[in-house]
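Just one chain follows, in the form predicted alone, and it is written as structure tokens.
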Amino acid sequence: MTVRQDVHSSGIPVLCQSCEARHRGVCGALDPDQLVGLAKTSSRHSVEPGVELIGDAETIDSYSNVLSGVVKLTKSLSDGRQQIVGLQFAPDFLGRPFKAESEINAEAATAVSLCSFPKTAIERMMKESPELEHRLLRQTLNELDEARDWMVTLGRKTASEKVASFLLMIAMNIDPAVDLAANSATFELPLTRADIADFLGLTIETVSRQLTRLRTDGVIRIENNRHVTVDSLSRLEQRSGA
């Protein structure tokens, strides 16, 4: 395969040239030489839905960029109960720098493609590249802002607004190549009804009822129970209480 070389791709490893993590993720902070060095230690792999990526209290020895798919983050209680505390999409950075052990469980909610690299390689590059450290800090702060916004959703919004907020989040994030200026979206629900209920603090019956209401009102279309089409994202946003 011939890859066109230009000012934007010259010196960039072939596998990195079309990667969303290089354009919008943490690898965008690296220069071509650093990308070459990281590419030598990295590996791309695909994971099936339901596979654990990071275990709670597991020693952290690698990090990953999410290239495609959805990762489900959960926290566990001592009696085994779990709570979904977040979702990650491409090109999010999977892993917690400066921690010896993980404090969450990460699981592939859908088929997921990852680019993984040793923890030591990233932490060495963070010392060499203030821009990389800045990019990771910025992503962490963005995640904190999103978590605060989600607290408002869980604490103050109605059941209808919660379900609409969830669908809007999926529509805006599930496909890294989506045109954010477009006012429509089509996607597969990455979570089961039970997981959506867990994430939103609702019952399965309430989630199903609210999805039916959005469909009846023409805000969404659902085929085969998982395939969702949103003809007007602005209309869905209105229903989310944003």
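Take the two forms, find the largest set of C-alpha atoms that superpose within 1.5 Å, and that set is the rigid core. Please read these numbers as outputs of a predicted model, since none were measured by experiment. Residue indices: 1-based, along the sequence shown.
The following text describes the form predicted together with the DNA, which does not appear among the structures shown.
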Task: Answer range among 46 to 54, 61 to 69, 171 to 179, 190 to 198 for contact with the DNA, defined in the predicted bound form as heavy atoms within 4.5 Å - done: 190 to 198
- [ ] Heavy atom within 4.5 Å of the DNA in the predicted bound form: which of Q83, T158, N142, T120 fits that? Just give me the one.
- [x] T158
Open item on the list: Taking the DNA as it sits in the predicted bound form, is T186 near enough to touch it, meaning that at least one heavy atom pair lies within 4.5 angstroms?
Closed with: no
Open item on the list: Using a 4.5 angstroms cut-off on non-hydrogen atoms, would S234 count as touching the DNA in the predicted bound form?
Closed with: no
Open item on the list: Even though the partner isn't displayed, in the predicted bound form is L202 close enough to the DNA, meaning a heavy atom within 4.5 Å?
Closed with: yes
Open item on the list: If we define contact as a non-hydrogen atom of the residue within 4.5 angstroms of the partner, is N225 a contact of the DNA in the predicted bound form?
Closed with: yes
Open item on the list: Contact check in the predicted bound form: T206, T212 and R215 versus the DNA, with a cutoff of 4.5 Å between any heavy atoms. Do all three pass?
Closed with: yes
Open item on the list: Would R148 count as moving between the shown form and the other one, using a Cα shift of 2 angstroms or more after superposing the core as the test?
Closed with: no
